[in-house]
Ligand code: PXL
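One chain is shown next in structure tokens, namely the form predicted on its own.
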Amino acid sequence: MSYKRVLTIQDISCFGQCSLTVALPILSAAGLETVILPSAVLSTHTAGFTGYTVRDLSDDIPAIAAHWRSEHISFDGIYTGYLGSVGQIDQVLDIIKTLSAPGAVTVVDPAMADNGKLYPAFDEEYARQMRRLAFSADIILPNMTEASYLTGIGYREEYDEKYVREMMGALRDSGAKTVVLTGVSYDEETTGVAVLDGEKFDYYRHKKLPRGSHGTGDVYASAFVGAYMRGMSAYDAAAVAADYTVACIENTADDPAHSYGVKFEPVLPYLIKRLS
């Protein structure tokens, strides 16, 4: 495997095991040179904490990108997560256009919604603008709620495979080359990941754990990018990322005080083994 350089653009919550504090170690463990571009700096993430500090870095991003261009730095992969504003969507699109190496892969996690609702920081206009970024990507990693906002197909709590295929087809037809749809559950005991790679549809089922946790979407997306950039197919990368995320949740389940994230670091050897 060649030594690949990946840029990940998302916020950094200094405490809380999410976003860049998850992406950097996971991508590095996957054997990738990992470059970070924070969209904002928060003292903690926003789930379960109050009084947190936030500094938006939109004003800094153009100068950072310009410096990289002057140094002829480019990236084999660009992976985006939580962005703070419509303006940052435009900045990311410019970075993809000007800093991608030949053949670079773009992966967009349109982190903006869950459980049928947008996150508090976002509105319908942000969701509409996110379509421009998501549908320009090689691979998108939405959950069911985000897929609903991206396609305009109504969100459902209960659904069948026909509904999932319709959703994924709409995403693909809008421009995404490969769709990895997370949190696809057909029963109460299991959940999984649906993958549409070209015309090929696959579904990877795994057990559903009773405990959820903030940051697991970031764990999943980062593990997926790591596996995919190591040369795995989209389906195999989706399966490895799902298994790793489940293992991280299980590793945290016996510690009720650790409610703000998952203990993903001790499980990194498992991920490295799977990637080998």
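Source: prediction; values computed, not measured. Residue numbers here begin at 1 and follow the sequence given.
Not pictured, yet referred to below: the form predicted together with the named molecule.
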Quick one: find which of 246 to 254, 42 to 50, 229 to 237, 27 to 35 has residues within 4.5 Å of the named molecule in the model of the complex by heavy atom distance. 42 to 50
Classify Y82 as contacting or not contacting the named molecule in the model of the complex by the rule of any non-hydrogen atom within 4.5 angstroms, answering yes or no. yes
is_contact(K208, the named molecule) in the model of the complex, heavy atom dist at most 4.5 Å: no
I'd like to know whether V262 contacts the named molecule in the model of the complex, with contact meaning heavy atoms within 4.5 angstroms. no
Is A23 part of the interface with the named molecule in the model of the complex - any heavy atom within 4.5 Å? no
What are the residues of 12 to 36, in order along the chain, with a heavy atom within 4.5 Å of the named molecule in the model of the complex? S13, C18, S19
